[in-house]
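In structure tokens, one chain follows: the form predicted alone.
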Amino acid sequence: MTLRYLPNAGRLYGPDFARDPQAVYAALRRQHGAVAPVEIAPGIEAHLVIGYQAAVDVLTNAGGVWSKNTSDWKVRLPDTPEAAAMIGMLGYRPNALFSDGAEHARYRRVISDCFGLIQPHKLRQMVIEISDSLIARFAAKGEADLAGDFARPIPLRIFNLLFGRPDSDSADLIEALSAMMEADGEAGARGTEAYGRYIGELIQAKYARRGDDLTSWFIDHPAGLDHEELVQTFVLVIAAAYEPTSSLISNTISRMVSDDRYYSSLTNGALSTYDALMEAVRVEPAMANYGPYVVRHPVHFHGTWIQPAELVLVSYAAANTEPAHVPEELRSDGGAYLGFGAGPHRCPASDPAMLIAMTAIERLTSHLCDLELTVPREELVWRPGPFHRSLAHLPVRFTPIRPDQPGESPWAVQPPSSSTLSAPISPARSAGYVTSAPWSS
């Protein structure tokens, strides 16, 4: 069954969209204005909010008409592999992403409180250790794929530690999350299933033996999440922690090494890593199209009628780059962006994500000071999928460095040992990266 309640829908899938999504947004904007009909997979339709002010109105729930509960939308889905894959990303779950009001505030408080206990200076040290251990694997080769060899492993290894899981789980989790995010038919459904198994094992292990880690803190938080709420909160938190952070790192590096304003050697480059991160968040946000919503009653919104149970997605990428009448260099808003959302559902962990990305990139560029792409940036291959903007590969070359060279090197900082990572006590606790929760003492 194909719904077809939205005529002339643009496609947010396929190689053309992956190659140049901004061209698709521009065409939709010319034809439809601030809200456009799209297909996010064959037969799966949605309204895509592509205007900046329209996006702000949705995210801040202007008029009180917007809801995050997508249960009614799920009922309308056709029985196809594509629909099953989309449920992993968009189907209702009892967590902070798909709830409103007091229920949302309760779920969000757990996330904010627990992430607030991570000490930034110790998180930074963790990033340094893991980044250097990864760089040491390819530094002597003179070439690397910084997407697969660097950007993707970093957040996975960090959050495995913070959640109290062994480093050996990283590879399976990367595969599951990548398949779920790309939402590609049966592969997407299998990714969702594998991801669920990881979450279940994570929580079961911490029910049996607590540690000084995020998982235990979530379990023991005074909000008292039940088992299903815990599972679905972790589904949200780990996906939101991993995929956007890894893509933020690779997207930013790709911009820096292809633009002399940011980076050409340690001794020049007018703009900083922070500047590059801000540009990537605004122009090429890792989560390009997401933020699922429905309306509580029929609404005429920025020129488009939207009915209850029709899915609405926010295009952060399109809204952030909506053409302005003022030249970029004269804008007074500092290049306002919605890369981390806005309003009550704005990402509660944007600060740790930015710290991880900035520290990792600065370690990379401090060790390898002459990075350059092996192909022009416009020829880089992007991963398919309607939701994310993520490089499949980021091939670079550089002057090799060796362990026996003088000066600081990535071999100088010892990563957490494998024995520590598999110890019965939480690895985050043994490494001292987090501090005890007040409700656990």
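These numbers come from a predicted model, not from an experiment. Don't overthink the numbering: it's just position in the shown sequence, from 1.
Heads up, the form predicted in complex with a small molecule isn't pictured, but that's what we're talking about next.
**Q** Among 127 to 135, 198 to 206, 93 to 101, 140 to 148, which stretch has residues whose heavy atoms lie within 4.5 Å of the small molecule in the predicted bound form?
**A** Careful reading of the contacts points to 93 to 101.
**Q** Within 4.5 Å, heavy atoms only: does Pro308 come near the small molecule in the predicted bound form?
**A** Close contact is absent here: in the predicted bound form, Pro308 is far from the small molecule, nothing within 4.5 Å, heavy atoms only.
**Q** Residue-level question: is Arg383 within 4.5 Å of the small molecule in the predicted bound form, judged on heavy atoms?
**A** Contact with the small molecule, no.
**Q** Since only the chain is shown here, I'm wondering whether Pro120 would be in contact with the small molecule in the predicted bound form (any heavy atom pair within 4.5 Å).
**A** Although the small molecule is absent here, Pro120 would stay clear of it in the predicted bound form, with no heavy atoms inside 4.5 Å.
**Q** With the partner left out of view, is His393 within 4.5 angstroms of the small molecule in the predicted bound form by any non-hydrogen atom?
**A** His393: no, not in contact with the small molecule in the predicted bound form.
**Q** Find the only residue in Arg210, Arg190, Arg108, Lys74 having a heavy atom within 4.5 Å of the small molecule in the predicted bound form.
**A** Among Arg210, Arg190, Arg108, Lys74, a heavy atom within 4.5 Å of the small molecule in the predicted bound form occurs only for Arg108.
**Q** Let me know the one among Arg165, His345, Arg157, Arg363 whose heavy atoms come within 4.5 Å of the small molecule in the predicted bound form, would you?
**A** Looking at Arg165, His345, Arg157, Arg363 one by one, just His345 meets the 4.5 Å heavy-atom criterion.
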